[in-house]
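One chain is shown next in structure tokens, namely the form predicted alone.
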């Protein structure tokens, strides 16, 4: 074949391969490699093959997709009302097999069309903030999500689901948790963040079951008591197989794999619950530690408004290790940052000692950090190891850091949740040292991970 078929056309192709000829059918995409044909297969994967070894068997004429009706589904008075707040991400994307382009599928009628199980769980309406990749989300967008959750509860919604890209989902969910619960109260209803690792057009997509689990929790989960960070949760696949999704505390979960469907794993804790989905049957099973917590702790009062984050807060982050130099700390201090975060090694350590008297920069680093603290710039240690606590009482190094005024001893949340906690303290003009010696809503409960 001399030329590739037109981009966007649906074709059946015969490919010459070392194992013989094979037939494929799909939509032609812009070529991924020069002098190749790239085709989007029905399973969602792309295939590229040399043009010279590709032959058109048949061109399939496909009319443009007919838009799905945007009419709101009829209201069922016997079901709870759930609002889906959309920010973007893979969960809202699918491939249009006419054009080959990835498009958002988000209107309520589209969601119910693609995931009809939702209609049996709740009455659903929607608020669209945008279609953003999650790495582009900043504190201004946290505030927009908080605004939308507040409005949803004001208008009588029983729960809220936030669809979000997975890369920073655990950061945004932590922000919403601190916004609603940091002052000692709780959200008026359940808030569940959800994403997916695979877009909905792929055979291996996790989007539908994750969304079912999130809506089920928001609609039917137990009333949050405001402890163990249970007001705001993350609903994602429990394993790489279908059939079960974990309900994680927002501040006790992190994305720990770039592509697996069970990328979200608990940090120093266990999931609050499991939602099982099996042949039309959907069930919620609470974890033993969460059931015990619900029996033993007093329920908090529901707030009517949530905190907003300052969007101009400057937090500079550094990785502890052989490359951390005092000049970096000095430059940050000179630039008038609001806080410094050190991703410490092991139990939370920084290179500030020079036992062999051949690394003077270590002592210079100690001096630079002390200078920042003396200028009332909070310096926080979080854990590079992710799992396990920050414990500066074990080694003399840690005790020196505590004497210097470095904060973070006892942290068990994800590093990102701890940094959000710092941002929350700076946004509300609270005493940062007091905030980091406080367990605001059960975010610092340490448990053996399952």
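Keep in mind the model is a prediction, meaning the values are calculated, not measured. Residue numbers count along the first chain shown, from 1.
Omitted from view is the form predicted in complex with ligand GLU, to which the following refers.
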Checklist entry - Any chance all of 353, 362 and 401 sit within 4.5 Å of ligand GLU in the predicted bound form, going by non-hydrogen atoms? => result no
Checklist entry - Okay, which stretch from 226 to 234, 115 to 123, 287 to 295, 190 to 198 lines ligand GLU in the predicted bound form, with non-hydrogen atoms inside 4.5 Å? => result 190 to 198
Item to check | Single option in 165, 159, 344, 378 placed near ligand GLU in the predicted bound form, where near means a heavy atom within 4.5 Å | outcome: 165
Next on the checklist: Just to be sure I understand the contacts: of 134, 220, 268, 274, which is the one whose heavy atoms reach within 4.5 angstroms of ligand GLU in the predicted bound form?
Outcome noted: 134
Checklist entry - According to a 4.5 angstroms non-hydrogen atom cut-off, is residue 89 in contact with ligand GLU in the predicted bound form? => result yes
